[in-house]
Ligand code: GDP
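Next up is one chain by itself, shown in structure tokens, the form predicted on its own.
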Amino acid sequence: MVKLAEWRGKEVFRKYGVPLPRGHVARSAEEAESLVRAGTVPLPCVVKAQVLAGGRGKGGAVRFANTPEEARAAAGAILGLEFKGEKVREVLLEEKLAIGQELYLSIALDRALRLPVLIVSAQGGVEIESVDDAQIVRVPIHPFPGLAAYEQRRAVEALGLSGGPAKALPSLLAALWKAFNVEDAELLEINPLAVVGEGLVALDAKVIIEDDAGFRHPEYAEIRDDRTPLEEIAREKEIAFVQLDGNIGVIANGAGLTMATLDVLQELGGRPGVFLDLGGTDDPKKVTEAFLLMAQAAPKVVFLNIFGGVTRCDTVATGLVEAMKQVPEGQRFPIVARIRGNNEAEGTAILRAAGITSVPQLKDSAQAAVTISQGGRP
């Protein structure tokens, strides 16, 4: 998936006619001041860090300015911040509007229903996960007829709109639905959608594009807003690699087993930090490349959880041992392994011969990894 920064997401919205505040992105404090002085950004204005993580307001990454000098100071204070592991390199300056009400609106792909779903709530401006489910309305959208008039009316009712805002919502929904289809989106989210006077304005934009449709969207090919440098290297090597906030590295094969492994570690009090999905690879060289990427992320411990179906356990073990030889002595870390299935005995023997802890039961092996990550002995 391709996650767009807010300003890029708003460029997508603008293309389809979604109402937005006047604003512009800046990459230096001097540029921020000049945008305000030139009138490109009206005063008073809000200055927002352009990062993918949420909670910017509480984290000091959103500030307000009433003068060009204050805009410069706000941008200077935000640029260069480390916000939830992401360095701020851009800020978005936008006019500050008089907000009557904050709402939530999104169109998301529901993989269980295999349909797009319109999601609305009158409780906007906060994380949708924190809103009581009774205050959220979900409307599945059939892709052929699209967003019907009665579904639009249901959204108006759920949001409690009347007058001008009620009349403005259907055209906004039509614009979002068109953008969702044409851009091959997985998610288009506006939070908050603000009632401003007699209209509606998208104060934020979260846009996720399906990267399997990249051949239709070359304009997104070079966007790296959502990837760390190591994730970018992994992408070029066609390795499924994701960095998180924790200190336990996870290597598994298959999306389901990888997600289950992360869940087990978290339930046991662990903090997964980097995970690799080897998929069905049966190439020791590929396993070695993947592990060396993992080593660059410097985890406290690595938990290897492999089910040998298409993938052979001895292949993974061979690649892992070979990779460990290439990691400098001072940068090595303990490994806990659980390998079951095809050539399990051979793989276990290879790991144990290399001094790697191998535990057959999932909970026991995961607990050993968590214990090591917390400074204990397995």
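Just so you know, these numbers come straight off a predicted model, no measurement behind them. Residue numbers here begin at 1 and follow the sequence given.
There is another form of this protein, the form predicted together with the named molecule, and it is not shown here; the text below is about that form.
Inset, instruction - Would you please decide whether Arg138 lies within 4.5 angstroms of the named molecule in the predicted bound form, comparing each non-hydrogen atom pair? - result: No, no contact at 4.5 Å.
Legend entry - 4.5 Å heavy atom contact, Glu95 to the named molecule in the predicted bound form: It does: once the named molecule is placed as it appears in the predicted bound form, Glu95 has a heavy atom within 4.5 Å of it.
Inset, instruction - Please check if Ala65 has a heavy atom lying within 4.5 Å of any heavy atom of the named molecule in the predicted bound form. - result: It does not: once the named molecule is placed as it appears in the predicted bound form, Ala65 has no heavy atom within 4.5 Å of it.
Inset, instruction - Flag Ser121 as yes or no: does it have a non-hydrogen atom within 4.5 angstroms of any non-hydrogen atom of the named molecule in the predicted bound form? - result: Outside the cut-off, so no.
Inset, instruction - Name the stretch, out of 189 to 197, 109 to 117, 257 to 265, 141 to 149, where some heavy atom lies within 4.5 Å of the named molecule in the predicted bound form. - result: Only one stretch qualifies here: 189 to 197.
Inset, instruction - Select from the listed residues Gly125, Gly76, Gly164, Gly214 the one whose heavy atoms reach within 4.5 Å of the named molecule in the predicted bound form. - result: That would be Gly125.
Legend entry - Contact assignment for the named molecule in the predicted bound form, among Ile99, Leu292, Val182, Ala298, heavy atom within 4.5 Å: Flagged contact: Ile99.
Inset, instruction - Could you list which residues of 31 to 50 come within 4.5 Å of the named molecule in the predicted bound form, counting heavy atoms only? - result: Contacting residues: Val46, Lys48.
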